[in-house]
Structure formats: C-alpha cells, structure tokens
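In the form predicted alone, a lone chain appears below as structure tokens.
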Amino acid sequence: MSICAVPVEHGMKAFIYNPENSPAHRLNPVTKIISLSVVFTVSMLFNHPLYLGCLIALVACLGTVSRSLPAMWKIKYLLLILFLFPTCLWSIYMDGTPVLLHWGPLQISSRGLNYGIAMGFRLTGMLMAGLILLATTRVEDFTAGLNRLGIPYRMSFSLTLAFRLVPLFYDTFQTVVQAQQSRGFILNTGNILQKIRRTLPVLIPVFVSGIRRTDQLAVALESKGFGYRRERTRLHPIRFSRSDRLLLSAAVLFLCVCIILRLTGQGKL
C-alpha cells in the first residue's frame, strides 16, 4: 500500500472531489478536459459583460447538473474576490466616457465599469469551470485523461500531484489548528493582523509535515519503479460513450459559433 494513499484520497474527497453519480461524473475525462479548454477559449474571446455573463450562467447550470455547487460554495469568498477585484481595478484605471463617478484624481467611466465587470466574469467563470472538472473527476482519471491527450505520463502525474498535495496541506492545517485550540490557543479573535500573527506559528508544523509527506511519496514512487516503463497500463481503460460524443460535438459547435460572433465584431466593447 502506498504510504500516502489513504490521507491524500480522503483529502481530495473532503476538499474538492465530490463522489456523486451525476452525468458529469460518468463522462470521459478527456471529454471534460476538452470542454474546459473550450470554456477557457470562449472566455478569452469576449470582453463584453453580457456575453461573459451568459457564459457564467451556462457554467452555473453545468455546476448544478454535475452537483458541483458544494465545491464552489467552499471557496465562495475567493470567487467573490476574483469578481470584485478586477471590477474595481479596471473601473478606476480605465479611461472612457461617460464618466459615472468622479472623486479627486479617480474617476469611474461606463466603459471602464463594463470592462471591469467583464474581467470579473471571465476570472470567476474560468475558476468555476475548473472546479467542476475537479469536483467530478478523480485525480487518477484526470492523469489518465491528460496522458490520453498525448501529454507524457511523468508530466501529467507531476501536474496532478499538486491536486493531491493542496488538500493534504489543508487537512494538515486543520488538524494542527484543532490540536492547538484544544490546548487553549485562540485563533479566530482580534483584527486581521492579529489573526495573521497567530496563524504564522501554525504554518511551521504544516510545512514540516508537508515536506515529510512529500519525501515519503518520493520514496514510495522510487520503490515502485516509477518511470521505469513509458507505456502505462490501467485497470479501467478510457472509453468514449455516446454522451461523450454528443458533448464534444456540442462543445465544438459552441466554440465555432463564438468564434464567428467574435469575427463579426460581437462581444467586444
């Protein structure tokens, strides 16, 4: 048994992956990766808030169908920050007419506000689409999907290893905080600077534990001969179903329509 298989898989289920039986969970990982690439491409094509708002609505519908809303709710504050930060930043620093608000050297124009909202929609939609992929795809399937797309196994494994280590660090942080709170350590009181000052000592055992687990993972991989053979065998081969073909066709058609709209001047401020 792998040294870190149990805690890592538990961390993935607790933090990102949602083990449901939705239609998105049954899709081929290659289909989901290509669909994610289509969403990213469409997000970069337009800079109008109306078009990107429609894309956000589409991604939200996909999140409802795939039962990924709990994963989005866990990072609701990050999604809110990703929307508000570019909205405020572009609204202030982008010139345009008419001017909606003027305060000293700062001014907010209608064009700047619309562009800022569009950038907020773009970042939020891309993150939401990525969360749907992570919430409906196991790490092993994601690695196999990348490998099926032609990415070398070592590279795909290194990329997906980050998805394993992030929740592992998160679980370790929660364990250390709970252990310190049981000893009378108060973390959630005071202002933001006091909370940061109290959190810094907690991070030391978290990083030490993370480095130790990473070293154990490296030893486990070496003991199993990782990278000895270029060709990989899988217990569950990747197969395309009818749903995969329909979704890929719809994704390609959606991308073509968006490209045509962009070439005709639509979706641009």
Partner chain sequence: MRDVILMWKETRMVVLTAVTAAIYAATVMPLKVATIIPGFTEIRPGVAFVVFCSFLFGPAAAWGAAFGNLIADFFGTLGLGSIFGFAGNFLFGLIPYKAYRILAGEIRFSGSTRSWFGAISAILLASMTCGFTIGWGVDLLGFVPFHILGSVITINNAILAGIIVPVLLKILYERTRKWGLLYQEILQPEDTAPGLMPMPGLVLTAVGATGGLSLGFLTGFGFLTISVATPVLLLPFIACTVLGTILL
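Residue numbers count along the first chain shown, from 1. Since this is a predicted model, take the numbers as computed values, not measurements. Note that the rigid core is defined as the largest set of C-alphas that superpose within 1.5 Å between two forms.
Below, we turn to the form predicted in complex with its partner chain, even though it does not appear here.
Contact check at 4.5 Å (heavy atoms) against its partner chain in the predicted complex: none of 50, 106 and 260 pass. When contacts are judged by a 4.5 Å heavy atom cut-off, residue 26 does not count as touching its partner chain in the predicted complex. Its partner chain in the predicted complex comes within 4.5 Å of a heavy atom belonging to residue 78. Within 4.5 Å of some heavy atom of its partner chain in the predicted complex lies at least one heavy atom of residue 211. In the predicted complex, at least one heavy atom of residue 93 sits within 4.5 Å of a heavy atom of its partner chain.
Taking its partner chain as positioned in the predicted complex, the residues of 154-168 that bring a heavy atom within 4.5 Å of it are, in sequence order, 154, 155, 157, 158, 159, 161, 162, 163, 165, 166. With a cut-off of 2 Å and the rigid core superposed, residue 131 has a Cα displacement that falls short of the cut-off between the shown form and the other one. With the core held fixed, the Cα of residue 85 is displaced between the shown form and the other one by less than 2 Å.
Once both forms are fitted on their core, the CA shift for residue 149 between the shown form and the other one remains under 2 Å.
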